[in-house]
Structures are given as structure tokens and as C-alpha cells.
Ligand SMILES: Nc1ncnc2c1ncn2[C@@H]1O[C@H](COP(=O)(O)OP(=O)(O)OP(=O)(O)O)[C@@H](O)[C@H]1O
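One chain follows as C-alpha cells, the form predicted on its own.
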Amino acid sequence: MVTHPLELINVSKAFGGLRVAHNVSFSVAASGITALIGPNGAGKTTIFNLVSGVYSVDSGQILLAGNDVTTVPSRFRIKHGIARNFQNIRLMQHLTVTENLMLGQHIKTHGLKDLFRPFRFLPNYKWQREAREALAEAGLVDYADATVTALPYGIRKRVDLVRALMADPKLLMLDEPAAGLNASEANDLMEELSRISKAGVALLIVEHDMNFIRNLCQQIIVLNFGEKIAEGSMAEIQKNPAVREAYLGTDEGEAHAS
């Protein structure tokens, strides 16, 4: 059993003279949901890009399921059990929901034959069955044949999440999943993320909505100026003087976190 799907060990990164991550170390447990928070410019998205291989590290190690992937190209890291989404939805707008999910199964291909197989013309194709089963689990099967352009924004966000899960990741990283959602849509998303976590997928979330984080996440990691300044439960980090000064300390910040 994988205890830590993700471990960062003294990870550092700079662009020219700008240090964006400095000796960052933390791990994500196989069970539960972890949040990565901090002020704008704290280094949260940089960490996501380092873990997924968009950026290379200057020093330190990144382990996925115990395997050192520090120098593994980004296109191969998904095979080590990682998937991520982006703040801007990257669904293919002209395709149906089912077709988008089938594209998300590319990790399961075994060669060019699978890649070029005209799956949309094959009745009851296995990827199609699996996509519809995933939609049913997420309560979205009614949208299976809808074109993405016809969907409300909140449904698109949830479809994007299901597509990321089609690669069967051990770790799913979500960048601002609640951005742009109304209260009802955010609650639906929280229920879905809780279901995913209970099914055995570790979640690492970057999110500014502190109510969303408080109601969902068991572990909070706080960054500031590219350094980890705190780690613990929401109750613990709210009492941390460094966190209060950097992120939660002003009346405005406390209102944002309440």
C-alpha cells in the first residue's frame, strides 16, 4: 500500500534571480484531502508545475508513490499515478462529454493501434462503457451525449474532474476547483471530491475559498514567498503566528478565511 503518493524533499526553483520555491518539503497522505494555500505569488502553482513536470527542479527530490520522478519528463509522470486539472477548463468544446472522457483514457493505450482506433464508431467500445460508468458514479450520466459547449459552467468543471480520473491516478491535483462556482455548485463539488477521496484517491488542492478548504480538507500546507511556513489542520494553522501575519492576520484576511 502506498503511504504517500507524493513527497517533496527540499525542492527549490528559481527563474533568473527570482526564487519561487526554496527547500519545500511535504508529503500527501494516501487517505484524506490536502490543501496548498498562501497569498498570491506564494508559489502554489509553481509547486503544481514542478510536481507535474512542467518545470524542472533546481535541487531536491520529487517522489510519486515512492518512485523518484525528479528528472522524469512530464508526459511520463502520469504513469506514476498522478493527474491534474487546470484552473482554465481544457475540455474539447466540440466533442461530447463521453468523447472527452475517452480522450482522458489515453494513458491506457498500448500502442499506436489503440491511439488511431476510431472509437466513436465502435458500438459499446470498452472506453465508452468505462466513461459512462464514471459519469454515472459522478451523477452526470444524463450529460453523456451532450456537447461540452451546451453545458453550464459548473457541470463543465465536474466533467473536467471526471476526465482527470479516467487515468486511474493515485494522486489528483486540482488548481482552483471552486473558482467561478456558485454556492450550490461548490457544495456539489465538495460532495464529489469527498466521494473520490473515500474511493482511495489522494487529493492535493490549491484553492482561495477558505470555507471550501475548511469544510473539505484535513491537512493544510501554507506557502509564503516560495517557502513552507506551516502545516497542520485548519485549527492549527489559524493559530500559527506566521500564517496570521502572512495570510490570515488582518481583519480583511480573517473575514476571507471565516
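Given the structure is predicted, the values throughout are model-derived calculations rather than measurements. Note that residue numbering begins at 1 and tracks the sequence as displayed.
The same protein also exists as the form predicted together with the ligand; that form is not shown, yet it is the one meant from here on.
- A heavy atom within 4.5 Å of the ligand in the predicted bound form is found for exactly one of 39, 60, 232, 53: 39.
- The partner is absent here; in the predicted bound form, the one residue of 70, 27, 46, 34 having a heavy atom within 4.5 Å of the ligand is 46.
- Looking at the ligand in the predicted bound form, residues 20, 87 and 208 each place a heavy atom within 4.5 Å of it.
- Taking non-hydrogen atoms only, residue 160 never approaches the ligand to within 4.5 angstroms in the predicted bound form.
- Among residues of the shown chain, residue 188 is not one whose heavy atoms approach the ligand to within 4.5 Å in the predicted bound form.
- Contact between residue 176 and the ligand in the predicted bound form is found at the 4.5 Å heavy atom cutoff.
- Looking at 138-167, no residue comes within 4.5 Å of the ligand in the predicted bound form, counting any heavy atom.
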